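As a starting point, one isolated chain is supplied in structure tokens, in the form predicted on its own.
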């Protein structure tokens, strides 16, 4: 059996189903211009991915394997490969967003496509109601996963001996049409500039688990406090498969055996599956509402203020600064920002989703889109429209001393912490460096409620 092993969201050698397949193999990775052309040359995610790909190549070489790296449209690359050699199938771990499924379908017309489940715990068709329809509410979905979860869902794949097919593995293969151009293996060869990554982004994910072990017991409480670093920091690693979700599950099982309550963290992993399942069964959700005819109010002035961290609402602006400076944003802050964006500013959720998509290191289409619809009140949640976060109350609860806010808004470092969670004081505060709030929370929230009631 001659197989092309197509690495995508599984950039590792440990616990990788691709490496459990016997036979003659051509391992490949494709830098896809259909994805890359939407990004700016200084997009830090490409630096992260390129580094991960080169590390994968190095690790494969240690076991007598290697990685052929391509740049070009996947269908053109597969046509070029098949024009120069014969293969029985292409194997890849399933990817379930709209573009990925269309891409894989196109490739399957050229060569038999063997899809493996790796990115999530379950395949999107595994967790369905008794009548075979998808769940629309998370809790029943979650309860169902606990019933059907088996030991094989956390079992590791073993690497087996494989025979590497002869190929020129040293260069970057740029394919355009039927033309091959060999380039150096570097970021500039694919049109990008190397960016500095944070210590967390470069840390080995297994080291993160070791650190997180001491935090897991307090995770249910600490994960909401932005300055406490109570989360795992694994979201980007899981997104690109630098660690398998099965490895995290096995680690959780070990922690549970130590008497630690692992359910809250397991629940967050299941949320990834839930959102992936929804987008898989309802691909129109990538751009359209599930319920309500909420299109938002297009206001470019508000949008610019949000995207440049100039709304005058400290917790929102700190979150946007964190995003712009690091490519990350604390999950609690994501909810606060998305609520403010869609409810207080009444902007189209699609605008906010696209802004996050441009900057989030851990961007996952399903999780991002469905989370924005949840905040906008247009998603699958059965009673969503009246949920409006008060950013000042959230500040008082989860960043009372202003530690997180002042980290990303140093211009407010001398401002007493009580100002940061008190809208009336911020309206009185006068500064050339920082603006007053662009909307009043109570007034804008009431406007949003009226808007939704009118369109129900």
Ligand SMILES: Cc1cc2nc3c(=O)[nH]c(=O)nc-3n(C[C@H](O)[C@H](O)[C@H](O)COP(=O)(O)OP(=O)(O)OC[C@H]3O[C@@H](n4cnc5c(N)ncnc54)[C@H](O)[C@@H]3O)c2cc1C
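Residue numbers count along the first chain shown, from 1. Please read these numbers as outputs of a predicted model, since none were measured by experiment.
Below, we refer to the form predicted together with this ligand, which is not included among the displayed structures.
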* Structure fact -> Of 232-240, 296-304, 142-150, 111-119, the segment with heavy atoms within 4.5 Å of this ligand in the predicted complex is residues 232-240
* 4.5 Å heavy atom contact with this ligand in the predicted complex for all of 43, 50 and 189 -> no
* Asked: Contact between residue 76 and this ligand in the predicted complex at 4.5 Å, heavy atoms?
  -> no
* Decide whether residue 310 counts as a contact residue for this ligand in the predicted complex under a heavy atom distance cut-off of 4.5 Å. => no
* Report whether the minimum heavy atom distance between residue 272 and this ligand in the predicted complex is within 4.5 Å. => yes
* Asked: If you check in the predicted complex, is residue 165 within 4.5 Å of this ligand, heavy atoms only?
  -> no
* Select from the listed residues 246, 103, 334, 174 the one whose heavy atoms reach within 4.5 Å of this ligand in the predicted complex. => 334
* this ligand isn't shown here, but in the predicted complex which of 292, 225, 219, 96 has a heavy atom within 4.5 Å of it? -> 219
